[in-house]
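Before any questions on how it binds or moves, here is one chain, the form predicted alone, in structure tokens.
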């Protein structure tokens, strides 16, 4: 029997109204009900007063020492007070807005109360009186419910469903994995999750449930990945190997071993019938752009066009200049397309792209406009890919016939996100910096020590360094006490002008104004650039060696690391100075972590732990699925094992083997839902 096809209405007492209430929790059938697990458990073991911890939820057992008194206060509010003797000490018990519990307390009778302990008052705020339906020294399951259905009702339905259908619970995890990882079968796991008889049984059930949940999800991801390779027959880009080798040898620097490795992985994908869907991740300054240039040049030598899409005009312009400098001597025709161009400029460039006169096109969102058509698009490079929506990336892919896709990000992807959000992509990683790059020295000071920063900047400017100064806001806000760009711009002018030129850059300036300021800074006509976070990604000024960040505690770790990465790109020793007055332990910890490491991958992991995926990448783009039991951050080790085993199941069509029959049958109905995940 497939419990996913059995209605909850088969249970006694479930009519149309109750069925609707249950469905409001997302429970559509008996399978959903049995796998609707508790989100926490309450320990019903009686505690001694000597072991009670302040604000801890505990179970106390004693003798009722006074008659219960119900007193009213406020509007329709009341409190029930009663004293019980616990270990020869009189303890006050208070229940709010539960006057009917008065009958549970009879002077001289023994009673057990579960609630929150207050050490100072030597009192307990009661949550429930332990009696019918509870057993002392047991574990009570607590479920996520809503106004439509009560805990007690849901628990009762789960008990009835388990008694009636438990013999129909089939184990979907293959036997070899159950044995290999000492997992419970699905029947025992469901029992241990809902009705644990001990902490040990519950712990084993939760571990099994986490693996099961992650494993089934990863099977869905692997199905997408292999189906994409089968259905989307990729372009066979037979590039000129000799020409590409000559180009690499002609570069004024040698590729790092990590750059060479990922370049080979990408070129191998391009020279195969498989559709390339690869994520290239590398820390700031690791040299991803030259890898992308080599890939685009290879596509051109194979007779195709290549496109690179960047999230901002500043970054697109920098890519265009870099690519042009590298490839114009080779007679490779490169163009740029952005939203700020006139219609006449846009139409002329678009026509050259359509006719194939342009080999490589650099652009922003303008590339996905209907007016832009390619003659023969072979390779798409999407830079800072998490800054684009799913549909934007999809629209660009549809400009060609299954073009190869290389997504790049300088925001290191934590392992959790790489396994889930990007699980359907092949991942390449540049994990070393180019030779000669010095470690950026990072310091944190409080705002009371700001004079130290001014003295340091004075010394560095005298040594012909250039300085970034970053602030969260553009202009003064009465609501938020943050340093703002205009105020800081005035302060630096007061301190350093006219000897040094101070520039201002922010998002409310026109594109022409921004470009003019950046060009001046790039050509060392501006010494100190006061800016908002528009310089976070991609800006490359080798002579800039000092980054000052005001109100650094207002930024996440990954964003601070991106800002820090704007310096350290030349031969000079570079510095990052964080000015922050952290108000809590989390903000303080962020400052300590950033000053202790330059490794973006370490920081990304810590940022994810501290803030969550939605804040790290933005809620709409984080893509991290919602798991019911497992926490992909805290349970990363289980997630990684689940991914490895899911990959193994799908390799060489192992999913079709007899030992995976139950799994395949189960997944066949689930894939449609999993395949909607992007």
Ligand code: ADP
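Residue numbers count along the first chain shown, from 1. This structure is a prediction, so every number in the text was calculated from the model and none was measured. For clarity, a rigid core is taken as the largest C-alpha set superposing within 1.5 Å between two forms.
Although not depicted, the form predicted in complex with adenosine-5'-diphosphate (ADP) is the subject of the following passage.
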Distance check, residue 253 to adenosine-5'-diphosphate (ADP) in the model of the complex, heavy atom within 4.5 Å: yes
Given that the partner is absent here, does residue 237 sit within 4.5 Å of adenosine-5'-diphosphate (ADP) in the model of the complex, heavy atoms only? no
Though only this chain appears here, would residue 437 touch adenosine-5'-diphosphate (ADP) in the model of the complex if you measure heavy atom gaps against 4.5 Å? yes
Report whether the minimum heavy atom distance between residue 285 and adenosine-5'-diphosphate (ADP) in the model of the complex is within 4.5 Å. yes
In the model of the complex, segment of 208-216, 287-295, 505-513, 601-609 with a heavy atom within 4.5 Å of adenosine-5'-diphosphate (ADP): 287-295
Please pick, from 119, 581, 540, 426, the one residue with any non-hydrogen atom lying within 4.5 angstroms of adenosine-5'-diphosphate (ADP) in the model of the complex. 540
One residue of 259, 553, 301, 532 in contact with adenosine-5'-diphosphate (ADP), assessed in the model of the complex (non-hydrogen atom, 4.5 angstroms): 259
Shift of residue 577 between the shown form and the other one at or above 2 Å (CA, core fit): no
Using a superposition on the rigid core, decide whether the Cα position of residue 187 changes by 2 angstroms or more between the shown form and the other one. no
Using the rigid core as the reference frame, would you say residue 216 shifts its C-alpha by 2 Å or more between the shown form and the other one? no
